[in-house]
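Here's a solo chain for you in structure tokens, the form predicted alone.
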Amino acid sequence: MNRIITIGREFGSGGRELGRRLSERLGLAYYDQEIIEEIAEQTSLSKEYVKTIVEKRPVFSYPIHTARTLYPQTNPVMEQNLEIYSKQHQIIKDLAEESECVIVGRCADYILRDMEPFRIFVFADIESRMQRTREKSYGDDEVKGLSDKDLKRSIERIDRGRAKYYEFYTGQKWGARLNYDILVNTTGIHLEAVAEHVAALFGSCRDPYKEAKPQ
């Protein structure tokens, strides 16, 4: 079975960078934005549009139980959300079957649960995430122009979207410790050092999955 590492992360915690550094240290393929590009190609939708949907809970124009029992008409917005998730689901499975890899976000830990991935969740305190966001200008060219108050609200809004998306498609709580094998707090720590220590786990034992996971 392929070695698969999945990374869930709070916005600004450095999960994406940690994933890339781990892939380089361990010689694994790395998948993040590449998944969005593949979804866009397979659905003929723009990458920008796919980004607005991925990792956000589908929006209903009416309660789903009402739609099912009283109104047979379809909900185009909901159908498109589900179609994109379905494509993402299949792409992630295909990538994991093709090669050993690190996959960031997108419910990969749940989608690949039968393959027993090594599941990491990355978090940090809000001050550290704000600082990292400003330094990296994650996600928005206008980040540097935001006040601390507005930046904090933006980070919290993104995390709420990720949590609702994850919980909608998995039925599990986003960030709950029992859903992951390792929780990594990057507050005040250089990601290069974090990557070194996490990668050492995979080089220090013959089967890190058996060592790290209770039997």
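Residue positions are given as counts along the sequence shown, with the first one as 1. Since the model is a prediction, treat every value here as computed from it, not as a measurement.
Keep in mind the form predicted in complex with a further copy of the same chain is missing from the figure; the text below concerns it.
- Judged by heavy atoms within 4.5 Å of a further copy of the same chain in the predicted complex, the contact stretch among the candidates 181-189, 25-33, 145-153, 164-172 is 181-189.
- Residue in contact with a further copy of the same chain in the predicted complex (any heavy atom within 4.5 Å), chosen from I91, C101, C107, A124: A124.
- For the chain shown alone, R157 is not a contact residue for a further copy of the same chain in the predicted complex, no non-hydrogen atom being within 4.5 angstroms.
- Within 4.5 Å of a further copy of the same chain in the predicted complex, a heavy atom is found for every one of R119, H197 and A200.
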